[in-house]
Each structure stands twice: as C-alpha cells, then as structure tokens.
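Just the one chain here, the form predicted on its own, laid out as structure tokens.
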Amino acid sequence: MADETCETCLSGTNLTKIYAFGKSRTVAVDNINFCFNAGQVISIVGESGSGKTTLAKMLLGLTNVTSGQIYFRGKPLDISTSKKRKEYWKSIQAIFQDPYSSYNIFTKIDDVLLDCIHLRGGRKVPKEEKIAMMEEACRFVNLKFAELTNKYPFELSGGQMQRLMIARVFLLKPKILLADEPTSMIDACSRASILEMLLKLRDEINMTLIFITHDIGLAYFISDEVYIMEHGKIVESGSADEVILNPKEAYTKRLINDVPKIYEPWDLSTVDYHL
C-alpha cells in the first residue's frame, strides 16, 4: 500500500462534462470532486454509462471539460496548446480495454517501442543502447524482443498486445498510468499476469495507477482508494476497506452483491487473484 503522506498528483473540483446533441443534453460527469495521491492505486468503479470512461478521457486531455477544473500536481491543468499537451502526455499515459484499436496497424513493433524512447528525449542515444532498452522493456512483460522485430501488432494475440502496451509504459516512465478495463477483452489466463505486471510496474517506476473497472471485487484487491460512480456522480469514496467492507450507499452494496457467488461478497479476503 502507498504511503498516506504522499502528495496529490491529480485532483478535480466541480468537474462536469455535458454532451449536447441538438436540443438534447447528456450529463456524463456531474459536478464531481476527487483527489488522487501520488504512488497509489486508485480504482474508479461503476457500471457501463456511469461516467468513468468520460472522466478518464478528461484526465487524459482527450475530452474537453464543460465546467470545473482539473489540477495536475496542485496547479490548474493547462493543455491549451499542442506543445503543452505533449508535455503533459509525458507524465500521463493510458492503456485501453481494446488492444486491437490501440496500435497503428501499419507500424512495426520495433518502431512502436522506438517512438517511446524518442518521446523521452532519446533520439541521440546510440542504436545499441536503444536496442538494449527495448529488450529490457520486453523482458519486463515476458516477451522476447528478438521474436517481435519486423512484426506488426496484428500478428500478436490480445494478451501479447496488452503486454506490449505495458512495455511502452515501461519505456515512457510516466508519473500516472490510467488503465481503462485493461483485462476485459483478453482471455482469463492472461488477466492475472497483466494485473501483476501493472502492479509491478507501479512499484518499478513509482507511478500512480488509476484503474477504471466495473469489477468491484478486483478493485478491492488492487486498490488503495476506491471511487464509486453512478450516473456521472461519485456516490462513495474512501480506502478499499472502507468502501468495500463497509459500504454506505445502496448502489455500492448492489455492485458487491452482483459479484458472482463463488465466494461470499462480504468476505472478499477468501479470494485469490494470484497477485
């Protein structure tokens, strides 16, 4: 677990996102406040349509904020220019749920990894050193770089592509990683290893991991803090133990009760996620 004295890396005040379609309006994120501490694992939990992915896109600067303010390291987030946006993206990266749509299918894996090195200012690094860096990143996710050279992403399995995404993060070394349902589209055998790699990466480069998920049981086992979202609002938040073992909101209790009854939902300590 993270140190409780750690500093705030991302926070939001009265954050709202409204989508307008002609005369109709959809409030995707509704006047929420949050504070994410550096070095922690934070899970944002909710059903489809709860607003969690829209919040993720706002945090990444991929969707404009309708009102309210996002703060990065205590200062108002300013990504008003392309240069400022690219600088921000050096500090925050994402892994999305669909590995098949996360790559340019015409870009070879060597170039995917090489771009990460260049983004971190490594263009003048000698070729041999770049290869060593890419080999190290692949080893971290149990892939062999020599077997990936001259291949395209579509030649890999979904699990391999997600591991390659983690290798990219290993090279980029962001301060924050936002993982949006990163295991939902891969086979069950690969899920535990992907989660283990993400947690290992968090420790390896001392980053904050923001985990977007509908799985409240999973959130309990990987998280320091949990935020529950319903209809665009944060209805409950706190430490994983506080929220999951002593829920106050009916919505949170329903999410817990919806966990498959392989185990008792109120005794989550009996479950082994192999992490």
Partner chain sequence: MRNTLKSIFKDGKFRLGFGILVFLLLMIFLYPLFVPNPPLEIIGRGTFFPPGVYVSNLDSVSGAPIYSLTLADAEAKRLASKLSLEDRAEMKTYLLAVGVPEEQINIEDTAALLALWAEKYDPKLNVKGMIFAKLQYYRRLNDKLVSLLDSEGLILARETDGVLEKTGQVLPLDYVNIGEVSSVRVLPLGTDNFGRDVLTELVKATGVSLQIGLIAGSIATAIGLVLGLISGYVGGWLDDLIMFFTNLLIVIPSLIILILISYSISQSERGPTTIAIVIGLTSWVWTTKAVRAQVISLRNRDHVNLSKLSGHSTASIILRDILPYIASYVVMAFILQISSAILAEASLSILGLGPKTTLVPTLGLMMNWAMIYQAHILGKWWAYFPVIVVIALITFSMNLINTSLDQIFNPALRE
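The structure displayed is predicted, hence computed values, not measured ones. Positions refer to the first chain, counted from 1.
Not on display, but discussed next: the form predicted together with the partner chain.
Although the partner chain is omitted here, in the predicted complex all of Lys57, Leu62 and Gln93 have a heavy atom within 4.5 Å of it. Partner contacts here mean any heavy atom within 4.5 Å of the partner chain in the predicted complex, and among 131-139, 67-75, 162-170, 201-209 they occur only in 162-170.
Among residues of the shown chain, Asp110 is not one whose heavy atoms approach the partner chain to within 4.5 Å in the predicted complex. For the chain shown alone, Ile105 is a contact residue for the partner chain in the predicted complex, at least one non-hydrogen atom being within 4.5 angstroms. Looking at Thr81, you'd find every heavy atom of it more than 4.5 angstroms from the partner chain in the predicted complex. Shown alone here, Lys86 lies within 4.5 Å of the partner chain in the predicted complex, counting heavy atoms only.
Contacts between 139-155 and the partner chain, taken as any heavy atom within 4.5 Å in the predicted complex, involve Tyr152, Phe154.
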